[in-house]
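The chain below stands alone and is given in structure tokens; this is the form predicted on its own.
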């Protein structure tokens, strides 16, 4: 479980960016955070994993042993131990492209082994087997010994998810994990993430409202540094217009549209229900 308690964040000049963000996320929840550009979504995520210190307020994280840890007050070893239990998936994958997929998964544990082993990448056979099993869970075990630089974007994101899973975190944070993927691969990644919420809370920042309404159990909207919506996964166009303003019109203009039917027998059949992007209800 993780809870943000009225967190604020201002620039060095005193300009407020986050203006009292509060929410609690528990096991079984797959929470999607959305909002316009510059709303404070990524900054909120950085506060949740202890990378950024809020100006005021606090973030409380409950670890595997059910110990509540105040991330805004923790320092040094205590903070590092807490962050080792927070899995993070990045938009840009953050993988070492010259290393193999399995090596990238293994280095996710560098912070949990002694300095000598980490210096020489000294992993045991058991650790390597667990890494391979984790790659199997995200359906890329056959790519275990391929260098990451030779993989597709969707494959790299699967490796990144496996690396986060290998850490056996108590919570998973995903900062725009499908932003660089086409709709098909984005859907596959969401299909991998959703079942993980039964094991740990998952919080993700997304820019695809049609996808998060399908896969997330709860949607939090942030606008101008404040939570303006926190509820179920049903979103209407009216709500999206209220959240995004003029930016919503541009998002709609760039949304893929279904190709109209044609008499040409070579025309590709429409996608089956549940595939592609679904329109939001009015």
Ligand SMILES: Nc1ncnc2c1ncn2[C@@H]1O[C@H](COP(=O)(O)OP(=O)(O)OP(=O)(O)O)[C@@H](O)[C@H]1O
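As the structure is a prediction and not an experimental result, all values here were calculated from the model. Residue numbers count along the first chain shown, from 1.
Only in words, not in the display: the form predicted together with the ligand, which the text now covers.
Although the partner is absent here, residue 32 is not a contact residue: none of its heavy atoms lies within 4.5 angstroms of the ligand in the predicted bound form.
Contact check for residue 38: a heavy atom falls within 4.5 Å of the ligand in the predicted bound form.
A residue is said to contact a partner when one of its heavy atoms sits within 4.5 Å of a partner heavy atom; residue 42 meets this definition for the ligand in the predicted bound form. Residue contact check for residue 127: none of its heavy atoms lie within 4.5 Å of the ligand in the predicted bound form. For the candidate set 155, 103, 210, 176, a heavy atom within 4.5 Å of the ligand in the predicted bound form is found for exactly one residue, namely 176.
The listed set 91, 168, 109, 72 contains one residue whose heavy atoms approach the ligand in the predicted bound form to within 4.5 Å, identified as 91. Residues placing heavy atoms within 4.5 Å of the ligand in the predicted bound form fall in a single listed stretch, namely 42-50, out of 59-67, 211-219, 42-50, 22-30. With contact defined as any non-hydrogen atom lying within 4.5 angstroms of the ligand in the predicted bound form, the contacting residues in 1-28 are 11, 17, given in sequence order.
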